[in-house]
Structures are given as C-alpha cells and as structure tokens.
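The form predicted on its own is given below as one chain in structure tokens.
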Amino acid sequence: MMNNPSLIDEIDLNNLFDHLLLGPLGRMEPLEQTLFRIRFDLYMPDVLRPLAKLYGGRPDFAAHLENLLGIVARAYAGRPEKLRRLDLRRVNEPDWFQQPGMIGYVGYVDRFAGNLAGVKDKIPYLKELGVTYLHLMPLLKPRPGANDGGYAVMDYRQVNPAYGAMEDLRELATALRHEGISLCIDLVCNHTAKEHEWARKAVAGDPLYQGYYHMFPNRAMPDQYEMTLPEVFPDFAPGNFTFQDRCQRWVWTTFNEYQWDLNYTNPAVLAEMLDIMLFLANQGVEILRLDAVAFMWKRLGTDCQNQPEAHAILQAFRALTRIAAPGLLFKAEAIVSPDKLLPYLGLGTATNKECEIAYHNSFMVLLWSSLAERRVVLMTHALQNMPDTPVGCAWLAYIRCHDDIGWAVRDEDAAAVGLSGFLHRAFLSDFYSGRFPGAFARGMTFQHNPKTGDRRISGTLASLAGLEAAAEQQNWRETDLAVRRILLLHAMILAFDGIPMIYMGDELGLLNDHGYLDDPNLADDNRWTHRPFMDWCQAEQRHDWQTLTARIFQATCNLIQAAKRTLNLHAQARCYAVWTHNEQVFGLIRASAWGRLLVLANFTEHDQTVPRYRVHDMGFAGELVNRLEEQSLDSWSDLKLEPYQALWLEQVPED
C-alpha cells in the first residue's frame, strides 16, 4: 500500500508511550521503564518508516501500530533478568558476532543427539571443536508425516515432541550461553503448515483467518500469477497453488501443497509473527534464521521474490524486536543472486537496519566451481564485483548446508572470463554428480528442470570432495587429496568475510547416507543423503591419529584455533579478491586497523607457485609468517603451495 504521510504525522508518540505505561510497563521498576523509553525513542523512526511503506494508507494504521507496540512492551516486561543483562552486554559490544572467535556449527537435533537433552550433553564436544554459535535446524512442532524437513510448522510455540518440550529448549539455551555458545533456530516466516490453527480456522470459513493466507475462489488470479512464477520443486511439487476442497479455495503454496503462504498485506500477520519472534527470544534464542524471506510479498507480473515490501517487513521486525530484546539477531535465508543479496543486510536508509547476517551463497558456489575447474579466474572476478557489506553486518560463509547446491553462476560473470554460463552450470552438475570423466565427486542430481536445464546437487562435503570415490577405489593418493580438499574448503570459509559455518559431521568426514530411502516420508527427497545421522562411533576415533577421522577433525580444530587468534579476520575487516598471476591459486586480502592478511589457496592437486614479486606488489614485503602454522617464510623466494594448500600470511612488523 502507498504511504499516507498525514496519518503517520498525526501519531503522538508520547501518548503511545503513556498508553504502554498503563499496561505491562506500569508494573516495572522506574529504571526498567527508562531503559524501554530510551529504546522506544531510538527505534521508533525505524519502526514507522517501513510500516508506513507497508500499511500507511490504511485508516486503521494507528490501531495496528498500537497493537504492535503492545506486543513489544509485553515481551519486554516478560523478558527474564538474565536475558536483559545479556541485552545490555550486546548493546555495549555490538560487534560480538563479527569477532574472529565466532565459529558456527549447524545440524538437526535428532540426527546430532536424539533430542534437546542429548544436544545439551554434547556441549563438551562442541567446545572441543571450538564452536561459539550453534544453529539447530527446524525444531518447532511440524505437521505429522512429510513436512519439508521441519519447515512446515503447525505450532510455533511448541517444540517437536520427539525432541522434548519448550522447557528443554530454554534449558539448552541457558547451558549453551553459560559455555559461550549462542543458539540459533529457524523461524519459518513465509508459510505455515496447513494443519496450523490459523489454516484450520481458514478452512472452516473464518474470514479473519482466511485473510492470513492468499486464497482465491477460482483460477483467474492464480493463472495470472503463474505466468511469471518459477517452480521451486518442479519434480514433486509443480505449480504454486493448490485447491482445497473443504473450503473451495485455491491457496498459494510456493513450496509444497501442505505449506500455505502467509499474506503480509494483512498487518495482523506481521503482528502474529512479531509476537512469536519475541516469545522465542525470551526462551533464550539469540539468533533467528528467518526462512524463505525472499518470498514474503507477492506482486502480479513478477517472480514474487525480493520485493521491496519483503525488505520493509524485515526492517519492521528488526526495529520492533530491538526495543524489547536488542540482543536478538536476524539471519536472512535468502539464497538469491549477488545483486539481490546485499539488500537483506540493509542499504540506503536501511543500512544496518535489516538483517545482521545473510548466507553468502555465491562464495559457496564459487568454491565448488574452482575445485572442479582447477582454476580460480571465475571466483576472483565474481568476488571482485561484489559490493562491500555494511560495517555492522556479517556474511555467513559455508561450504554446504542442509539444502542442495544450486549453481548460482551469473552469465555476466561467466562471460567476462570466457565461459558460457549455461554450459559451465551444466559442467558443474555433471562433475558433482560423478558423470564427468575423471570427476572425484559422488553427488546426486536434485530437481532437474528440463525447461531451464537447472540441475542442483546433493551430497556431503566428504563425498563431493572425493573421499567416497577414493574409498571405493582404495586409492591412498586420492584419499589424501580428498582430505586436502576438505581442509582447503574449511580454511577458505574461516578466512572469508563473516561467520564460518560447519555442517554437522563434516569435521569427521561423514559420507553420503542412503538410509533415507527406507523412510517413505523422506525417500522422494535425495537431500537427505547429505543429512546423515551423527556417527558417534566414528567421532570416538577423532583422537586416534591412525584414522582419517582424526586427521580431518584435528586439522579442522587447528584451523579454527588459528582463526580465533587472527584479529584480521574480524568481519569489519575489508575482504577483497586479488589476482595472484597464477590461475590455479586464489588470493584474498583482509585489511583493517588490525593489519593486513593475505590468503593464498591452491585449488589443484599439483604444486603451484606464486611469484614473490606479485606478493610484494600486494604490499607484503619483508618477512612473512603463515598464521596457520605460526611459521616464518623465506622473504625473497617465490611462494610454493602444495596440492590444495592454503596460506594465511601476515607481514612481521619491523623492530
């Protein structure tokens, strides 16, 4: 809706605050009221700006604003004392999540440790690895049966009964926080399960809750939308609308027929989701991974992704939650092209006022592309054309996640380095599915779309990096190269801009798991092959140096410790790719007031050399030290890198 400035200007903020004092704030101590008032005054401009864009033309705008602020005030009044103290610490240390010591780990509750109590018992393991940020995949109560890996939520205020109860989540969050580990969980913002209470009331004919979803009496409007909408799951969920016989309505279902898209043109939906966010924050959750945020606003004639209003929704959420729980961070799950990704961290007037963290999908894809091609030209060019990030934000750097790998290589970037974007994406699909001659990877094709030629890939890090193929061949040289690839990729995400995220089991070298085929609820989705159960028997080998497990685990721990002591890896340090005069060796510089770090990485199975004159040209003359091994290097010789070796080089200060 269009903004109506006159309605916004008529809002009396002092009167609004006085109204809140008559409610839950009135029962609080004067100091706590004062803290709330400070945040209220500080963030209200950031609240009003996006809300005006979304709902400013509505005559009931003031009433909806008052409702939102009432939700915020109640959450603030109900926030536990320990979490209020955490808020104060976070406000006074705003870069806490950008520091080099922030090391992420992600996995499923049941596959990692059975239930939430089991995860609590595994905290010593996480500490040994060096984790300070734990992302547990969807754990809120899902629909029974097929539920898209937990992303079809039927109750946001309950935990999946198989994992425990909300009290178990609170206890886990407290235990993690005591050990210096921040808890991140998923919040599905775009849709609910069709079994959710709102959806059930909508099906029963309640017009209030029918307004929570996009529902149509016939195919007229859906057919118009479909003309420009892509299909997310063309193999098993074609189309974007599903007919519901019980209410005789077509419902917008972007992902699966049991996932109903929410209608954010209705401000009541935004209020409901805000209430849920603050409820979860008060359980001790420190980071919310906001799922499918790119899809939250629909516009006819577009692909209904990345609309300006979707950003306004996120900006409103951030400003409102900052008043009640400033220690809460948002991570945007927006797997989109680079030009559309940066806005999720905030641009222009919204700089540092949207999400604090976003997935750097392009870097992940470029890592795999460079490994397959044995050249770093595309990665260097593409990263050089990425804009700088706002200083108050951080990328999430990852090798893989729970999802498939889609080859998000832009045609423009490919053409600039002499490649065909279409053919290169096809090559990557062939290579990582093992079809390409000589490929070391053992992945699986996911969601082949014959209309576009799109073929995504499923597979664990170890299997995609060659460890599975080496085991099949019982080839020790190939095994060694596979381990080197695994460690190279870990060194790259640890050196890149932001928070590195390790997927559960990758630190042990877990291979593809085909056991999902025995579960009818999972068998149609081969992404479960790279979501194996944690192998705790294999984990017991992590201290036995005669095993590959120990080699991978201990080397990963050493990389993490090196990252933690390297101040140049703070997320506020500039991060830019550089040409090394060797197409097989990638170069990256991190530069800040802490100093400068040169990262070099050999993406081939052969020894490579970087000319010393080129290192000097980049400003790294004199004696250098490799921070990965705390080892000095010869000042004047060319730099030699072993197969898949990485170097983190700093210049030794002169006395």
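None of the values given here were measured: they were computed from a predicted structure. The first residue of the shown sequence is 1; numbering continues from there.
Keep in mind that the form predicted together with ligand GLC is not shown, yet the notes after this line are about it.
>> Using a 4.5 Å heavy atom cut-off, which residue among 156, 225, 233, 407 comes into contact with ligand GLC in the model of the complex?
In response: Among 156, 225, 233, 407, a heavy atom within 4.5 Å of ligand GLC in the model of the complex occurs only for 233.
>> Exactly one residue in 200, 84, 381, 527 has a non-hydrogen atom within 4.5 Å of ligand GLC in the model of the complex; which is it?
In response: Looking at 200, 84, 381, 527 one by one, just 527 meets the 4.5 Å heavy-atom criterion.
> If you check in the model of the complex, is residue 163 within 4.5 Å of ligand GLC, heavy atoms only?
Replying inline: No, residue 163 stays farther than 4.5 Å from ligand GLC in the model of the complex.
> Is residue 255 close to ligand GLC in the model of the complex, meaning a heavy atom pair under 4.5 Å apart or at it?
Replying inline: Residue 255: yes, in contact with ligand GLC in the model of the complex.
>> Can you tell me if residue 191 lies within 4.5 angstroms of ligand GLC in the model of the complex, counting non-hydrogen atoms only?
In response: Answer yes; at least one heavy atom of residue 191 falls within 4.5 Å of ligand GLC in the model of the complex.
>> If we define contact as a non-hydrogen atom of the residue within 4.5 angstroms of the partner, is residue 463 a contact of ligand GLC in the model of the complex?
In response: So residue 463 does not count as contacting ligand GLC.
>> To test your reading of this chain, name the stretch in 364-372, 255-263, 242-250, 570-578 whose heavy atoms come within 4.5 Å of ligand GLC in the model of the complex.
In response: That would be 255-263.
> Judged by heavy atom distances of 4.5 Å or less, which residues of 147-178 approach ligand GLC in the model of the complex?
Replying inline: Contacting residues: 148, 151.
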